[in-house]
Ligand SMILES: Cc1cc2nc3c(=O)[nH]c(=O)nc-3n(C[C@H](O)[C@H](O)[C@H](O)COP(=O)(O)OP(=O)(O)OC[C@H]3O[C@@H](n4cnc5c(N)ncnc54)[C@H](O)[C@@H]3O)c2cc1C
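The data below hold one chain only, encoded as structure tokens and taken in the form predicted alone.
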Amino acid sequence: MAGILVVAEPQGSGFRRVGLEILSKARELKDSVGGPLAAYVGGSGVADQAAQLGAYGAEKVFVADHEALGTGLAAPHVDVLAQLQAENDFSAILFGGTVQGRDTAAALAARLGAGLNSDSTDLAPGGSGIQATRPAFGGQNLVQSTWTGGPQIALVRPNSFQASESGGSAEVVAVTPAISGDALRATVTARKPAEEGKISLEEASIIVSGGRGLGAPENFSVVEALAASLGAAVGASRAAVDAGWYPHPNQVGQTGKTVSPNLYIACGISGAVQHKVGMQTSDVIVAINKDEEAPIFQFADFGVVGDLFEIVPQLTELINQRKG
């Protein structure tokens, strides 16, 4: 069969956005790889939503519906994906860089004896099919690499591409999953729900980020207050995270998360290239910094030169007043 297989993770009645982003990008890679563009959906009670992926370019969607595939554990998915690979001989298998995606892709690569390009921020035609780009040396360089054999397995950072509909439709194929006893040995004993009201950085439509200009970890309260007024997620620069001012899961940049919100507000962030590549696809970028020579003003849509400790609280107050 050859072609590309994109692993799409179900979320609610739809899918995690990264899977839709990869499908949209994979449409550009079809000609260089050859064969159809397919998707894999594994979970419990996911058959009804599989057809949605046709709108993003999937020509065929393989659906494996089994209780073990809805646990979040990688091993059952590895069994099913290895089964699909044996039956279809895909040239490339693409995963989103989520917790489950990273776990599953690594285990599948080991099972198949295949190469894995992780943390990819771009995919393009090249080599024997696909060329992957990823950051290296702390984000100071970008490395382009290909594979010496197949299948080509890649992990892609969320928000590296735009999710765009193609208006197509997909053939949905039910798969009878052959899951081994070994894959069922691990079980989930408990789940801890995410903090109520907390917004995922990757999925947020508005992000307010703080950097070294905040001066101290306690000053992130200024950023958090503005984010709360906007219903936004909170981000942080690498400098702030490295200083221990904010948790690493909130880091935006080449060595953190790549985000693409409708609005990105950078407070006290200089805009070094390491940070820029993690948020430059935001629709609107607003920079607040007292240094008028800060690099971030070169690519921000709106810039405010001034003391963030005066500007941000006033902005928060005005927003809260408007909200009543």
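Predicted, not measured: the structure shown is a model, and the values here were computed from it. Rigid core (definition): largest C-alpha set, two forms, superposition within 1.5 Å. Note that residue numbering follows the sequence shown and begins at 1.
The following text describes the form predicted in complex with this ligand, which does not appear among the structures shown.
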Tell me whether H77, R111 and P177, taken together, all sit within 4.5 Å of this ligand in the predicted complex, counting heavy atoms only. no
Give me the residue from V252, I207, A132, V223 that has a heavy atom within 4.5 Å of this ligand in the predicted complex. V252
Which pick from K60, K290, H66, K30 sits with a heavy atom within 4.5 Å of this ligand in the predicted complex? K290
Does any heavy atom of A239 come within 4.5 Å of a heavy atom of this ligand in the predicted complex? yes
Does this ligand get within 4.5 angstroms of any non-hydrogen atom of A294 in the predicted complex? yes
Should V41 be counted as a contact of this ligand in the predicted complex, where contact means heavy atoms within 4.5 Å? no
Taking heavy atoms and a 4.5 Å cut-off, does G271 contact this ligand in the predicted complex? yes
Region of this chain that lies against this ligand in the predicted complex, out of 22-30, 43-51, 66-74, 273-281 [heavy atom, 4.5 Å]: 273-281
Could you pull out the residues of 306-323 that have any heavy atom within 4.5 Å of this ligand in the predicted complex? G306, D307, L308, F309
Is the shift of G213 between the shown form and the other one large enough to count as movement, that is, does its C-alpha move by 2 Å or more after the core is superposed? yes
By the 2 angstroms cut-off, has the C-alpha of H248 moved between the shown form and the other one once the rigid core is superposed? yes
After fitting the core, L94 CA displacement of 2 Å or more between the shown form and the other one: no
Based on a C-alpha change of 3 angstroms or more, tell me if V241 and L155 lie closer or farther in the predicted complex than in the shown form. farther
